[in-house]
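Next up: a single chain in structure tokens, the form predicted on its own.
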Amino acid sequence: MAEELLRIDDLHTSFFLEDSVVRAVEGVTFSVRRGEALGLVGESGCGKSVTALSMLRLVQEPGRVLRGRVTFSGRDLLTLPESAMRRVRGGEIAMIFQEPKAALNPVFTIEFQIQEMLRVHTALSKADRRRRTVELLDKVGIAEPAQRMKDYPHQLSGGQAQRVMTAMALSCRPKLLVADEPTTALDVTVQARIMRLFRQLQEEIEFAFVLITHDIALCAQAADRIAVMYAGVIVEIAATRELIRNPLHPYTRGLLDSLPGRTARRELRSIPGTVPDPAAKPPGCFFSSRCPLAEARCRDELPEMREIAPDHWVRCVRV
């Protein structure tokens, strides 16, 4: 088993509004091993993106990380001085945000934005930064990179913008890449090309990869392990093949049953009910109101994560 690169322990992040407290992340614990691809999957609003932002100390007011540890290469990122944390962001941990066109600055060329990353995090000369920019754009599949790097973000298609964001993220050869919904708003064929690109680059550069998505089918294609998140907590985590073949948490089963073509039935099976309000979560298991297996004790206390099989963890009293 590979060495742990990143470990998140008991992470809690809340947003303090005028009339309520939104408990976005509650006791999240998981690890990422060197060189692996981990999928973090769950419905919109379950806390996936907030977990990533908390890890990088990018949560904005009125949000606040309340407690927990984020250990990366032996350092707790939550206690690092801000000057040291700025060197980690982009240099050792890179993040690709949702909506690549919105993440790119519309008033600067692609060349300027990639070279700015290299200027901040490396000691390369201006000429070397330019050569590196061309190499990066070529590596991520941008045709005629020496010409296209003069373009502005509005001149790019959605797939091209995602490739440029990938080039920027990998410009400093990070140890860990976090991609937040990297295929949102892309058509299916472009999605497949982008995911193949990530896997190819991961093999070449040997970085660890966290894929944040609501699409468990995408995780099944791209990740070595999958962590399933619901209402701010991890409910199941296992190797991809194990989780797909033997889902133990009722929410994981519900996600898989909602996939087209998984069974011979023609009608898709949806998960009944709705995700609880993060500002008014019920006691006990947060999934209990939607769970077909729920019993009285499920509504009293939030279950602990338990290792049911080697490296297969689940948060459910019925397993």
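As the structure is a prediction and not an experimental result, all values here were calculated from the model. Don't overthink the numbering: it's just position in the shown sequence, from 1.
Below: the form predicted together with a small molecule, not depicted.
Asks: Just to confirm, I308 within 4.5 Å of the small molecule in the predicted complex by heavy atoms?
Replies: Contact with the small molecule, no.
Asks: Do T274 and the small molecule come within 4.5 Å of each other in the predicted complex, heavy atoms counted?
Replies: T274 lies outside the contact set for the small molecule.
Asks: Does at least one non-hydrogen atom of E43 fall within 4.5 angstroms of the small molecule in the predicted complex?
Replies: Taking the distances in the predicted complex, the answer for E43 is yes, it comes within 4.5 Å of the small molecule.
Asks: Wondering, does V50 line up within 4.5 Å of the small molecule in the predicted complex on heavy atoms?
Replies: Heavy-atom contact with the small molecule at 4.5 Å: present for V50.
Asks: With the small molecule left out here, work out from 22-30, 251-259, 284-292, 66-74 which stretch has heavy atoms within 4.5 Å of it in the predicted complex.
Replies: One stretch meets the cut-off, namely 22-30.
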